[in-house]
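Quick setup: one chain, the form predicted on its own, written in structure tokens, and binding and motion questions come after.
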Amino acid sequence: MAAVTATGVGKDYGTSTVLNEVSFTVPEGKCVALIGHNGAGKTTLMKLILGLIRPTRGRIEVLGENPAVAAAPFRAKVGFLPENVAFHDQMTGYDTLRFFAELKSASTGEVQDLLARVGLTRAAGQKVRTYSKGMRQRLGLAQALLGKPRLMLLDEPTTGLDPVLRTEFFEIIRGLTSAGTTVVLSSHILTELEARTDIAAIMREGQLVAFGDLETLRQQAGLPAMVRARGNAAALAAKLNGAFVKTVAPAADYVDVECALPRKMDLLRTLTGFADLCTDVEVRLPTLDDLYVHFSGRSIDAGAKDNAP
């Protein structure tokens, strides 16, 4: 079963179209990075998946059901962490999570385990008003994990987390997907998503302009690899000039060669034949940032937020 299927989905607010002809299928057990510029429609798409709003056109199915009319048992299968987490300041972390467990008809026996899982055991008895931004974010993740959901939607989930906690967060995500849970997360920090997600969904002005794993998107984009050969730069540049797409002028001890992806191995084999000139080789494939710029036609603003309705 697909976790999420969208077919020709559009959403209008009055005369404004915020989503237009969006179609995709997310298999179960995958982690999807939903990325796009300010106002691209990411938040609107998340609201549709959650069933908080209905599409103007098209159809969306989540875990085989229409999320807008699905009953309580369906909602127990879905976890959500909004970008701005809001809790009652006078409640403790433990009481907050227990309250959400009762709302979701989840076992309150999960509360202690989840607090430990997100590193809040020692702060469980403290009032939420004493929590830092990172602690609130971790408490939000714990409430999203209640009931062992089959689908999780996470909006800017690593906001306020230090590098160690970010790593721990993605370890939790990896464990979830390994167990079959589907995760859709939106973030502006593309470098942390690149090696940790299975599928990238790139949005631009309400349209889905790219959808697939990084290797597929690299092939579709046709972006080159950059190969840096260290050693006798001038001699290497002379030998490689014209043999590949473009040879960048050599620096003091290296030369950068722009190479079409299908010819990457040809270039590496050529360089191995210059052992007397080449002491080291570094290969840089097109990154998620590069793919985003290519498909969206713009660079992402790390501080931008999706203001779509």
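As the structure is a prediction and not an experimental result, all values here were calculated from the model. Numbering starts at 1 and runs along the sequence shown.
One more form of this protein, predicted together with ligand ATP, exists but is not displayed; see below.
Only one of 60 to 68, 42 to 50, 247 to 255, 277 to 285 lies within 4.5 Å of ligand ATP in the predicted bound form by heavy atoms, and it is 42 to 50. Among residues of the shown chain, V18 is one whose heavy atoms approach ligand ATP to within 4.5 Å in the predicted bound form. For H188, a non-hydrogen atom is located within 4.5 Å of ligand ATP in the predicted bound form, even though that partner is not displayed. Heavy atoms of T270 never reach within 4.5 Å of ligand ATP in the predicted bound form, leaving it off the interface. Shown alone here, E156 lies within 4.5 Å of ligand ATP in the predicted bound form, counting heavy atoms only. Note on the partner interface in the predicted bound form: the residue among D198, E83, E168, E192 having a heavy atom within 4.5 angstroms of ligand ATP is E83.
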